[in-house]
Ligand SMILES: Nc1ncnc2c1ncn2[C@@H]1O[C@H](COP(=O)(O)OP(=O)(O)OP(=O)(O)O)[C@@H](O)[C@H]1O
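Only one chain is given next, in structure tokens, and it is the form predicted alone.
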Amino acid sequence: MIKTLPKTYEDYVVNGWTRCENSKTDMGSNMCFFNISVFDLNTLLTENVDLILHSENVMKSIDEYMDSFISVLLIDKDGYILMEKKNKDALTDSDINLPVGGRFTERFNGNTAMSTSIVENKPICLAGEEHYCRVYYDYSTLSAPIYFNGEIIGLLAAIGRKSKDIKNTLGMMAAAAKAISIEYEADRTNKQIIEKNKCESAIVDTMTDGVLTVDKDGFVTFMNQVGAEILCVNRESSIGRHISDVVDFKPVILDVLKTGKGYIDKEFLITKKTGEKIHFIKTAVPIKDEKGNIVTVVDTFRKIKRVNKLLNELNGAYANFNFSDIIGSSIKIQDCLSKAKAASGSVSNVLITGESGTGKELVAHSIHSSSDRNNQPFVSINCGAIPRELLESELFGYEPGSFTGASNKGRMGKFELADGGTIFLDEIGEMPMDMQVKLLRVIQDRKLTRIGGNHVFDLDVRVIAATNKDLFEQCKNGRFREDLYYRINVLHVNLPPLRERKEDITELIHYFINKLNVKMNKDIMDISQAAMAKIMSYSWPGNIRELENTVERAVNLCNGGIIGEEDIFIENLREESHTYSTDAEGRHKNMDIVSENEIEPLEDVEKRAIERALNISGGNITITANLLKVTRNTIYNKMKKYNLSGE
């Protein structure tokens, strides 16, 4: 067929005929192929709704300049008719049927300008016999691609009677298709920008920090909902207003506009006109143009309570125990727990007393866990373990550069970190007198001022204190302030020593065995009667802590499923304690007859006494301290001084 063409045609015409012959297209086919369901047609129109929308006005505008055309068509990239504009004034042919959903495809309709435009990627005009199928011999077809991002997304096409002048309108068709491309691309770009802004706004709105931006003149250009809630303002009405008119305090962000210098994680305590204080951590970043001029300032801020909460979560400053973790069913311990549970329902301060190792900290945790503050911080500090010169800064914090060695950013104290929750002051009997005065003032006023600072911080902190000393006796001896004693001793919980609740020992031992089985991957089932009798015969000066230590040693040494008497190392302690008493008595007798020149240096006597106590206690610092009638902190310091090691 191609070889018998009566004249020379353009390459795109010949190529089109070749494709038709290869596809075995019927030259007697109809103008348009229609074989689409209603569902698929609706889907097709929905997917191309934007293209249809932007093409409609352009098709109307070119319709009046194309009198010779029968129809102007919008076609998608696959050849489906999306829209048809008929020329009512043009001579129409009853053979022409171009319904929406009809398709131009070379397999069924031969080559047309529409199919050729897609293949050749350019505007095309075909007239008469340039078409493969005879149905088009009396007509001309024109088509120009519509682009988005360099790819064809549709065609602007037309069909009319064959005419010599019809190719002159191809330029207009191409220009119209270009206009549709530009409008479509602009709309899609605008929608992408809108979606991007929505996405960015959504991201900012999910932030737990407040965010606001101001322009170079201080007018608010953006504020997220969290920021509006922190500042107690209306988000929508704040946009476009000067920041000074939005908040009822002097906005520190104006200083950034004035100086051009931002800051990162800077602390601010702001007092509103109402007297309410807002405690912030803020970061302000100035955005500058290529000339170095500020165009906007981005300000992020969060309340200090949220910062403290994050710090406490990282530091584990929350109660880890509750009353169900306290083992024992004796009358004494149950009476003690009854008082502790009553304390958990109160907001008053609590003093927990008892010998070392009786579980004072466990009770403090449990009181907090069962209180209304259980979701708030539980901050613990051992007053006897911190040097007196550092205790004040640990408790109350300090401002930058307050003293030699102070951080240049300052630091919050334990009381601030515990705000809203509970602070546990362990070994409060070891607190120096001068610190007791400062602590009393903070507890009384519920306010504090950091070292080197002027700002007064309001506090909402419940105090639970613990000691193994008789504070009332300490008050009599002038070693503890009486007014502080009454401040912390509103509610009193006294923990009995283990020797007074021996009926709980069996339960405690089985609890420790089960716990240690898991920890050490052991399978110990029980403890022998002989071993239990040995345990019951001991007075346990180190209380539950010493008992747990003894059980753990026994679990380590036990090779079977039952802990035997040989696994319990208590008798050695008692024998060594007896030996120590005998030796001490002998030494005192001998010292009576030693001449004055032969007296030993005091440090030698002290060192030897600590060594012997450590030996008797098996290296247990608590027992050593009890034997020598001093605090654990003193033992640690002396061991360091004399280079002694414990267990």
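The shown structure was predicted, so the numbers you read here are calculated from the model rather than taken from an experiment. Don't overthink the numbering: it's just position in the shown sequence, from 1.
Just so it is clear, the following notes concern the form predicted together with the named molecule, a form of the same protein that is not shown.
- This chain appears without its partner; in the model of the complex, the one residue of 129, 267, 325, 187 with a heavy atom within 4.5 Å of the named molecule is 325.
- Interface residue among 256, 488, 298, 508, judged by heavy atoms within 4.5 Å of the named molecule in the model of the complex: 508.
- Residues of just one listed stretch (479-487, 276-284, 511-519, 210-218) have heavy atoms within 4.5 Å of the named molecule in the model of the complex: 511-519.
- A residue is said to contact a partner when one of its heavy atoms sits within 4.5 Å of a partner heavy atom; residue 399 fails this definition for the named molecule in the model of the complex, lying far away.
- Taking non-hydrogen atoms only, residue 392 never approaches the named molecule to within 4.5 angstroms in the model of the complex.
- Remark: residue 356 counts among the residues lining the named molecule in the model of the complex, judged by a heavy atom distance of 4.5 Å or less.
- In the model of the complex, at least one heavy atom of residue 548 sits within 4.5 Å of a heavy atom of the named molecule.
- Scanning 463-478 for heavy atoms within 4.5 Å of the named molecule in the model of the complex gives just one residue, 468.
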